[in-house]
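Single chain ahead, written as structure tokens, the form predicted alone.
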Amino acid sequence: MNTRVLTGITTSGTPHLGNYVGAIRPAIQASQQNNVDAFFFLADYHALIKSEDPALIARSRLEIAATWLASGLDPKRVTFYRQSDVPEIPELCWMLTCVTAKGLMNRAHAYKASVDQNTAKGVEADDGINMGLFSYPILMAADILMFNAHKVPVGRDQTQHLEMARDIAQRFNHLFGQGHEFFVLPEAVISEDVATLPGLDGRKMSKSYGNTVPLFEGGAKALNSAIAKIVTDSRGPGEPKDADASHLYLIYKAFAQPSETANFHAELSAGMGWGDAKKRLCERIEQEMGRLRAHDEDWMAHPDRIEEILQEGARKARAIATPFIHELRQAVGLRSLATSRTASSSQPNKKEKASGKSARYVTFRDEAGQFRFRLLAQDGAELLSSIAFADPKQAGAAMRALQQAGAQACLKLEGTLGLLIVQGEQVIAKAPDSASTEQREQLIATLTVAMPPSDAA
């Protein structure tokens, strides 16, 4: 079984060296593992909490997408999308908001920090705090739970939000699951070996502190200029340096091979001047960044190509999100009148159980001698029809796999009105074509009820 890993980055600024070392590079490396199903998204709804500048957000979305692609993210291997292109996420956010206690949000670190700052200033506790800031842990929970991510790489300052996502998921499962868990409980992944880079002033490199080293913006000249501003002590050339406490050494270590790092450490300890050390650091960073910067410039010059990739990513994401949100709508009672009737009638009462009247699979041999199966509704209407199998055992195995996985894991949208049933990448069945999007939504809802996972059946 693949492990689903989800990573998001807020589109409220220009990527810097700390973003690359602490998040972008390790996330891309993890996505290249064979047992990882990786989801990467631009958290542009989250950006609205931090910025009221539309031009900044629009520019940041382009820059960050280009950075990920230039750094080696393979959109064919992962699901890469914008948060705002998946409307099911804010819909889920509202569902989760309605089961989340306000007291839980009162304890969120970001909100409490803002309240403490206001108190220190002597102003009203909630001065300048909007509801986006107050409740953004719920939107973060929706980002994660929409795709039932197993693991979410985060910094230590975000672990509380992962715990909140788990609490919210458990609450929803308890209220509406009736024994079925809609959401898996995500785990925070904190990589101790991932570097946290110091900024120009020695504090953690962060846009909030204004102490960042640009990643690609401004080219090698801007990189050299920023490195030259890194604070060092007053020891001059020839005087031994405390390499382990040096910000230059910590940054160099994040880019160099162990042997290079050992040599740099030894030379600082032997008295290498800070000017020479900064020059060496620039050269070493440029070995990695120069090649990537050329890729970034190419992507930035072709935003139409980035848009195509993000739209394809949104289609992949919505192929999962659309049937799942229909299942959740059913769970909370948000159904059309026709769907409500279908859903209620699809839950067999005791008399119906005794007579066996429920949605059922039937197998048959077609005119060509091939083996197929169908799923029929209570009234005999066909809900799906399989492809042809040469071996009846193959048909039976495919049918049992569908029964075990359930609709959420198998439904895939086709065009405007079509609906496919898949196992992995293989199409194994097809639902009847719908006459309208509303009819297809009703069909998805019906299939969700008729095809529960085996542990919920």
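Start at 1 and count along the sequence shown; that's the residue number. Since we're looking at a predicted model, the values are computed, not measured.
This next part talks about the form predicted in complex with tryptophan, which is not shown.
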Note which of V154, A256, L310, A331 lies within 4.5 Å of tryptophan in the predicted complex, where distance is taken over heavy atoms; exactly one does. V154
Check each of E327, E88, D143, D296 and return the one that places a heavy atom within 4.5 angstroms of tryptophan in the predicted complex. D143
Pick from 93-101, 233-241, 268-276, 144-152: which stretch has a heavy atom within 4.5 Å of tryptophan in the predicted complex? 144-152
Although tryptophan is absent from this view, report whether Q158 comes within 4.5 Å of it in the predicted complex, heavy atoms only. yes
So in the predicted complex, is tryptophan close enough to F41 to count as touching (4.5 Å, heavy atoms)? yes
Closest heavy atom of L6 to tryptophan in the predicted complex, within 4.5 Å or not? yes
Using 4.5 Å between non-hydrogen atoms, is R61 touching tryptophan in the predicted complex? no
